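Shown next as structure tokens: one chain only, the form predicted alone.
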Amino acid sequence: MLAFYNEHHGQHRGRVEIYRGEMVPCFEKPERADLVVAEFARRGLGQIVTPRGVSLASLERIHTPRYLHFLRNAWNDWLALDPANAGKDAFPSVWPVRSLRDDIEPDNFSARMGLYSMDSGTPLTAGTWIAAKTGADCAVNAAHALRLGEKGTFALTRPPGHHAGADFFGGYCFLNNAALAAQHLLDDGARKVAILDIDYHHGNGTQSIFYRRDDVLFVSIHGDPRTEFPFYLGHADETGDGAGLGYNMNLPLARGATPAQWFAALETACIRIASYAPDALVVSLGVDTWAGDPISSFTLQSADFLRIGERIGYLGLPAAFVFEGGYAVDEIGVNVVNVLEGFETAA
């Protein structure tokens, strides 16, 4: 397996996040990727390379120009308010909820942050842009390598991406790596692409980006949004709209779902993907479904992640895996690489 590693991921290092009304150390931290790359190398699963940079035009295939402009300049704008802000992360504090306008970009920085965000738990730091942009480079390179003949690739990057929409960040995500990979595959000649999201939390950003399209099938297995973040998308009745009707499948599961229940959902997902007959597959690979994850509530064990990779491999599709969530840091390397090894074994 060819892995594209984001050597700049550590530049995005949030100090704290807001969790259940308190400022706590960030769950999404550089050690996550460090442990995955170490385990990947230890097992000798494949080559680890750094990506070639992609153009902003490639990012604009998914994200709006004004959002990208905001994200590129946000840290400098934050410092312009007060040089002392260099010692603080930036957080949004106000949002354009229903009945408020979002078509006019405010001059006020805090208002702009709210315009382009979905929560108050995602810190923006001095290194956010370079880390997120290099992560997008990894995802597009991973997709391109499939078109060049690789059977499996891995975008080994953070911050994650699947909560980021076309014009907003949140859920620790800034650029939607899975969506960028899928779009590149299409731009590079694929007719149809499937995205399988197996993170504990629904990939709301990915769903919203492709919801009205039939050239990308989005399938997600996740915690029920009635109780789990991101709360406002991910229900089973969301099946697409317009040309995309029937090309969105959500498989929400209750807190505490057993491995048997989870694998039944995976089988349903794989059957739908096989019937769609895509040219390639993008996997949003979150391992916060592990029983010991600190902010999730499924019960998968480390050995189960080998089975996940094997089942995905049995689809017989070229696949780009994109690293998403998973916050039990000590076990994250084993769990992620188990999926990749299982895929390699089956493929």
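Start at 1 and count along the sequence shown; that's the residue number. Computed from a predicted structure; not experimentally measured.
Here the subject shifts to the form predicted in complex with a small molecule, a form of this protein not shown in this document.
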Checklist line | Option from 161 to 169, 99 to 107, 72 to 80, 245 to 253 whose residues, in the predicted bound form, bring a heavy atom within 4.5 Å of the small molecule | finding: 161 to 169
Next item on the list: Please state whether every one of the three residues Glu17, His201 and Ile295 places a non-hydrogen atom within 4.5 angstroms of the small molecule in the predicted bound form.
Entry: yes
Check: So in the predicted bound form, does any heavy atom of Tyr67 sit within 4.5 Å of the small molecule?
Finding: no
Note to self: My question is simply whether Phe229 lines the interface with the small molecule in the predicted bound form - judged by any non-hydrogen atom within 4.5 Å.
What the structure shows: yes
